[in-house]
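Coming up are structure 1 and structure 2: the same protein chain in two forms, each one given alone as structure tokens.
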Structure 1
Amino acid sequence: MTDAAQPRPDETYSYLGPAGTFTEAALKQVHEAAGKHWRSVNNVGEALADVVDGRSTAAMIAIENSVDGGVSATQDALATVAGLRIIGEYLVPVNFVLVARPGTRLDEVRVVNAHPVAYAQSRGWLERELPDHAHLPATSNVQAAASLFENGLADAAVAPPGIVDHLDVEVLAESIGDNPNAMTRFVLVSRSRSIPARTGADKTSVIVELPDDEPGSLLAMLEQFSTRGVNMSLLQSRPIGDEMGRYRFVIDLDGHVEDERVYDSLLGLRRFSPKVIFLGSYARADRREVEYHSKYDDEIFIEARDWLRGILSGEPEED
């Protein structure tokens, strides 16, 4: 995973760095990435540009947090950067420590450097233990800690627990996150058009625009899934940006595109919407098998199509 001269793009993975971030922790879960070159980048746009321009075979990016919901920068990028597919998802528990330069005491902390998301997730602890502190925003969780040695503007930083493996910092407090069950969901994105085989524990991600802004449009979109027994594990709106009141919807479906109920719902969705972006079908990170009513089994959809095909071909109907 160390830098090498002229690394091959097909053996390079991009991630939001530097080393020690939660994104790196997610990339460590990818077996195919072990022993390959990992390219540290500064933001989601740069990570996806690496993939599109062929500098990397895939990029690991955060897409959803259990506390704050969808990551808007990622969702907007996936809606506007063509040719990308999600090929896997990974979950990383999120917790934080408060670190400082060696020799600093907790009662000496006046300014805390923290990424805005990390700050929001540890704000309760900070306000309780450091009621007079000021917040200095950082561009990443690791950069928050690194800045302690770069400019000295902050006395302490909110950072991932693994930061002690990369920087000479002293931990002033552990487990300062307000939600001990916080989790971030990451996705591995590539240009591959090959869809991972279905496992029975899958997700399908799409981005959809409504055909018009009139009463019932959103309901009509949702009915494409409800009438086929497809559950949505994520539904989030994002402004399209061309005018006020226009939104696209980021949707995660329980199931694989090869599942008949999902396949049929996507057909209905494409007939309904002027723009559907298929982001991919991939195995769930938790490997939890998708549950659905037996009336939506594959065989039910196949039998219905065979029945109608028989009518159109003039086959005699069975009693």
Structure 2
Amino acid sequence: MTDAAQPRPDETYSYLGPAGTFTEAALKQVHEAAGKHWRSVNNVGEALADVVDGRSTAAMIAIENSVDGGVSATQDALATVAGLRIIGEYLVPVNFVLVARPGTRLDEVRVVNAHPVAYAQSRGWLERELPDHAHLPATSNVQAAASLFENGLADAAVAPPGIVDHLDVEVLAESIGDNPNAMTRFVLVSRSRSIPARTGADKTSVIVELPDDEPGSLLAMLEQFSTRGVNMSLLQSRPIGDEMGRYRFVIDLDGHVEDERVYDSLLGLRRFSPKVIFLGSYARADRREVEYHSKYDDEIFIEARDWLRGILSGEPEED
């Protein structure tokens, strides 16, 4: 390919492929990505490296699912790869089928290819229906099925229902997910420093470390939010990894950094935490307006600040 034919990085979006993954379904929800070049990658690290190294303008990555919890590879990457910001959130309902090469019978299946997160969400069905199966991990839900034709290592694969549009597979069982209402939450990550505009239905994501050996520091962290009426929709601890017993906290807050109560909470966090990573403020996927008590309205914070500024600048105090 000549240079002129190379897709422009500012028009390239990376996602966990190949085509047909849930990650691709999430990227389809991004209006700005329509008609642009979509680069299929094999893992979250590769997707984020594309963004950091400037090959892509943004990457879509799975961050949490309703059955199996936080995607640790994503949370750890966001904590350690510098310069990334979340600019959007997307929800995709997830449901799985068991597929095989045509002609395979269910009672012949021994080895099942599956993305680890998909496996965790289908474990109940697999343990019940295929009690002696072995799990072979795959890089994605679609790759799990594609591998059936690339090597003979597995007899069946856990895949999205839409797989039949992409590959000549036979569906051995439908709806094998343990929870029919399972959802996966995806985030669009970029290097952009400009924060998406406040919509009133926003989230703010941060990663926080606590001071070492300070009793009560976890409570002190939580108090930053509770004293300002800020709700958390995610609180997850992840090992920092340098030594036993050290954790960082992945936190999603209801609200935008431009909301005074969120802004003030982040100032509070920054004052006592040795490390706060601001991952971004962005519109919630469900567009649900953030609810909070009116005593934490922007005006209340602004009035208090103006009052003290007035005192410092020598203005006469009102009764």
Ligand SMILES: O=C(O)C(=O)Cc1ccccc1
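The term rigid core refers to the most C-alpha atoms you can superpose between the two forms while keeping them within 1.5 Å. FYI, numbering is relative to structure 1, first residue = 1. What you are looking at is a predicted structure, and each value in this text was computed from that prediction instead of being measured.
The chain as displayed in structure 2 is taken from the form predicted in complex with this ligand. In this comparison between structures 1 and 2, the rigid parts meet at a hinge, and the single option from 279, 77, 232, 93 located at it is 93. The rotation of the smaller rigid part against the larger one between structures 1 and 2 comes to 12 degrees. The Cα position of residue 138 changes by 2.4 Å between structures 1 and 2 once both are aligned on the rigid core.
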